[in-house]
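Before any questions on how it binds or moves, here is one chain, the form predicted on its own, in structure tokens.
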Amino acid sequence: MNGAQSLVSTLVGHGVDVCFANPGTSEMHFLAALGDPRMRGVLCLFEGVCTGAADGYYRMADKPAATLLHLGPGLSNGLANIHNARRASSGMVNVVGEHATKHLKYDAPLTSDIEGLARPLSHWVRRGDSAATIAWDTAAAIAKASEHPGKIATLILPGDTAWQDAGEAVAPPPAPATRKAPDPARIAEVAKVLRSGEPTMLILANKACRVEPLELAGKVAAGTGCRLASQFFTNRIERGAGRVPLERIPYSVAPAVKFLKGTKHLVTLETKEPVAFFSYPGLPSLLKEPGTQVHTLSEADEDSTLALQMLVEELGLGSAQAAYQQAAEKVMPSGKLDPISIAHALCAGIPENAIVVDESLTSGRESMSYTLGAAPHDMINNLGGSIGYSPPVATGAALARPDRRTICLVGDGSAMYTIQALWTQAREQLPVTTVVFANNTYNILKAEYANMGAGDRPSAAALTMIDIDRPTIDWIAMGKSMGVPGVQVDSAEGLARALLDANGEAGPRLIEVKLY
């Protein structure tokens, strides 16, 4: 067994059985080792697709996948979506190929400081020293990535470490995944706040947005009158008809400040107090009113379900009845596409148990607030803000849950960052519907131009850096070239029908929503 075989054997032995790969020369022995029938290798045509897919996989599988990246430039290509994954608390094991140790002194063209590139966005970085220790290194990387919250682990694999004899691979056994218990004193403090009757809001994030903790939070709300909310962006929230709903703190500063007005206490679960996504001239960074107190019910690394169980017990609300989201009336929309008609189309077209990956920005930001009553589904957002996350994340989510339809909502500007994900979806025949809202511009930047005080309207010169209509992108041809059939729609009824048609297909589909 060589070092690469030892690495792959340890990965699958510790439950990491998917690798999103974009290999190069230094990774040929790792590539050969991916022939292990227990490992599923998935080729991605850009490293940002590899790392984004690993993010999506973790969000739906609750366990890390591996990526295979080619030296420093390959890692660098994947860093934007590693950033998004880190902000979303997704775990992944990045295996980064490196020159053979003896070759480094010659400063070949691809030589770089891989540790220096990896460290700012990784929780754990290690360079394999020898084939004999690579199993132990790999097990340590998996253990770090599998922590709660998930972590980014980066293992650098020199070429000679991969091809040399590893001897008898020795690695520690997989460690059981554990989550810290919350401090009972904190639970008692929050219970006291809730008993006070002062306006209180619970803000839930990460694992606290799953059905079981939402049920518990619903009991607390029913018994105390507190509000339940989420940040505007969540890594995965189980929502829809029949589930306990969360209000969504608005994205824009003024509506968010208004939303929080009058709240005396914010209670956080696996998150921090809400802050503005950007700093704007004359507007606050913290969205709460002055004097609002912030209380932590469960830290990011703690068991929020246990925290809510303890809180329900402390308050004596075990028999309280949570309020559930009513199903939205399914109406077939017609006419012009606007936030309301788009929302109606989505409510009609989101199938039960779907996964919705949302990066629709300008076109869908308002619409998604109206889809709370759609069929039960999981919604995934981008917590890191680096655009081009959704096509790769949808790819990984669909690979983790091929029994469910994944709907990717993305603007045309964002989609162009990682459109290569369509090719992987076609090769793997993943059940993904990609909806591209095509307004031929980075429309969100036009609003941000005014918000930042740069001027009421972008100048002609500025518009050349915002509009993407010369030439106009042919999305149907783009999808076809990568093996994904598509259809263009320009009406609400067309969007609803296209979504329903795509739900009946086994593989990927693309819908271009033409906005005027």
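For every residue, the number given is its place in the sequence shown, counted from 1. Keep in mind that what you see is a predicted model, and the values were worked out from it rather than measured.
One more form of this protein should be noted, the form predicted in complex with a further copy of the same chain, which is absent from this view; the next part is about it.
Novice: Tell me whether Val211, Arg227 and Pro339, taken together, all sit within 4.5 Å of a further copy of the same chain in the model of the complex, counting heavy atoms only.
Specialist: Not a single residue of the candidate spot has a heavy atom within 4.5 Å of a further copy of the same chain in the model of the complex.
Novice: To test your reading of this chain, name the stretch in 372-380, 198-206, 274-282, 291-299 whose heavy atoms come within 4.5 Å of a further copy of the same chain in the model of the complex.
Specialist: Contact-bearing stretch, as computed: 274-282.
Novice: Looking at Trp423, Phe232, Phe259, Trp124, which has any heavy atom no more than 4.5 Å from a further copy of the same chain in the model of the complex?
Specialist: Partner contact (heavy atom, 4.5 Å) among the options: Trp423.
Novice: Among Ala132, Ala140, Leu306, Ala80, which has at least one heavy atom within 4.5 Å of a further copy of the same chain in the model of the complex?
Specialist: Among Ala132, Ala140, Leu306, Ala80, a heavy atom within 4.5 Å of a further copy of the same chain in the model of the complex occurs only for Ala80.
Novice: Using a 4.5 angstroms cut-off on non-hydrogen atoms, would Asn22 count as touching a further copy of the same chain in the model of the complex?
Specialist: The answer is yes: Asn22 has a heavy atom within 4.5 Å of a further copy of the same chain.
Novice: Though only this chain appears here, would Arg470 touch a further copy of the same chain in the model of the complex if you measure heavy atom gaps against 4.5 Å?
Specialist: Within the cut-off, so yes.
Novice: So, in the model of the complex, is Glu329 in contact with a further copy of the same chain at a 4.5 angstroms heavy atom limit?
Specialist: Looking in the model of the complex, residue contacts with a further copy of the same chain do not include Glu329, since no heavy atom lies within 4.5 Å.
Novice: Residue-level contact is defined here as any heavy atom of the residue lying within 4.5 Å of a further copy of the same chain in the model of the complex; does Asp474 satisfy this criterion?
Specialist: Although a further copy of the same chain is absent here, Asp474 would touch it in the model of the complex, with heavy atoms inside 4.5 Å.
Novice: Heavy atom within 4.5 Å of a further copy of the same chain in the model of the complex: which residues of 99-130 meet that condition, in order?
Specialist: Contacts from 99-130: His99, Ala100, Lys102, His103, Tyr106, Asp107, Ala108, Pro109, Leu110, Thr111, Ser112, Asp113, Gly116, Leu117, Pro120, Leu121.
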